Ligand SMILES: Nc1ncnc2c1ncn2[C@@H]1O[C@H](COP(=O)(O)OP(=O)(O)OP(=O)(O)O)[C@@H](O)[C@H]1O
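Next up: just one chain, as structure tokens, the form predicted alone.
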């Protein structure tokens, strides 16, 4: 199975702080991978490096066999990489539909994106179809005209996921998609991800480990900027170093 994304010696320093330290991370095409670790372990910084929001201090990021280390976020999106954020990132003053269309127009441009959207009918039709399909997938079609500020937090999270899905990603990075959600909303997000996971490669950061155990095929554990363990979920969670990282040293 070919690699979808990988890193080699990936490092990010903020002055004296080493947030990500010599990380070698690999996810195969079609895989559902989880990244866990305590607060401050470097998980979100790793996602920022993978998606191009931070330039690395050292190391390399490879996406579908191509070195993308120097590519900005919008170039990576155009290549098939999409992500969501730890805090929901949508435009509250726009409607649900406007959020979707604006995001698609922004990231599917060639040259002048306004020209491409408004004056190329085939392109416009495709974008609108992608947007409608993603709304249907997350069950928000009946709220397409709702101003986003009026949505519940759970529906805002679904909208953010819908935006990512509408971009037809090859790789989807989800940063704590269950954060701030009720148990019912968590169940809805997990059900959605189970339904669509075969459409792309998925990497998910999550603190609620038990909620993703039936979703992910592999787990990588970060601590103090480094990956300390990776493998099948059950094996990883029984690892002594991982248990100490989360629950402290167990006295025998």
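Residue numbers count along the first chain shown, from 1. Quick caveat: nothing in here was measured; it's all calculated off a predicted structure.
The protein also exists as the form predicted together with the ligand; that form is not presented, and the subsequent description refers to it.
- Although the partner is absent from the chain shown here, 19, 42 and 54 each have a heavy atom within 4.5 Å of the ligand in the predicted bound form.
- Only one of 182, 146, 141, 86 lies close to the ligand in the predicted bound form, with a heavy atom inside 4.5 Å, and it is 86.
- Picking from 211-219, 42-50, 183-191, 24-32 the stretch near the ligand in the predicted bound form, with a 4.5 Å limit on heavy atoms, gives 42-50.
- Proximity of residue 38 to the ligand in the predicted bound form falls within the 4.5 Å heavy atom cutoff.
- The ligand in the predicted bound form is approached by residue 207, whose closest heavy atom lies within 4.5 angstroms of it.
- Put simply, residue 155 is far from the ligand in the predicted bound form: not one heavy atom of it is within 4.5 Å.
- Looking at residue 176, you'd find a heavy atom of it within 4.5 angstroms of the ligand in the predicted bound form.
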